[in-house]
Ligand SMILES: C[S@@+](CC[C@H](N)C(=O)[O-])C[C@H]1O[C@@H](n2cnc3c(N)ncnc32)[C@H](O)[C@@H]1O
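Given as structure tokens, the chain that follows is alone and in the form predicted on its own.
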């Protein structure tokens, strides 16, 4: 397969100078955005499914077409893997012809992640693994608040705990995320350049790798710490 994905082009070549302030603001200031009705309904369904299975949970945040959810479910058959994405179009893609039947231990949910994360935390979820695979980088310096590490929901991501893994094709994004984790959770994540082994987890991962781009992986073990959230 020939891939020709262009690398990220941006004037921001180092972690954003405003990152620490935004992380501190998220930790200190309650974020009371109302939960969207459609996400509440989606979460209620996912919660019922999770409880019925009674297995350790893995969250695949921003799962896109769900290929990563499939592969994680195959990799961890004794876990419940929940993929969440806000795009109905992406989630409706039928991959069964190429990848076979959808695993029984996996679920795809259409929801707004910022609401789903907060609902999961309030419901006491403690995912053993939490994946953020190639989130939208929003590479313009003015877009820091749209990146997860600069977003008000970041404390909820951290407080959910578990083994967190972020992958990105933009080193600055991964570096910022590592700095934000250190500030919020007082931990030192592992950040490395890597080559996917055992198959690509997402179509983006395959496209970036086959285009010759460097890929970055951040991993971190986080405790479940709801006290991180401002009240």
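Here the structure is a predicted model, which is why all the values come from computation and not from measurement. Positions refer to the first chain, counted from 1.
The following text describes the form predicted in complex with the ligand, which does not appear among the structures shown.
Can you work out which of 79, 129, 86, 71 has a heavy atom no more than 4.5 Å from the ligand in the model of the complex? Looking at the other structure, the residue within range turns out to be 86.
In the model of the complex, which of 59-67, 178-186, 191-199, 158-166 comes within 4.5 Å of the ligand (heavy atoms)? In the other structure, the partner sits against 59-67.
Honest question, do 141, 173 and 213 all end up within 4.5 Å of the ligand in the model of the complex by heavy atom distance? None of them does, since no heavy atom lies within 4.5 Å of the partner.
According to a 4.5 angstroms non-hydrogen atom cut-off, is residue 136 in contact with the ligand in the model of the complex? Yes, residue 136 is a contact residue.
Residue-level question: is residue 106 within 4.5 Å of the ligand in the model of the complex, judged on heavy atoms? Contact check for residue 106: no, nothing within 4.5 Å of the ligand in the model of the complex.
Using the partner position in the model of the complex, report whether residue 204 sits within 4.5 Å of the ligand, counting heavy atoms only. The answer is yes: residue 204 has a heavy atom within 4.5 Å of the ligand.
At the 4.5 Å heavy atom threshold, is residue 119 in contact with the ligand in the model of the complex? No, residue 119 sits far enough from the ligand in the model of the complex that none of its heavy atoms falls within 4.5 Å.
Residues of 89-123 having any heavy atom within 4.5 Å of the ligand in the model of the complex, listed in sequence order: The stretch touches the partner through 90, 111, 112, 113, 114.
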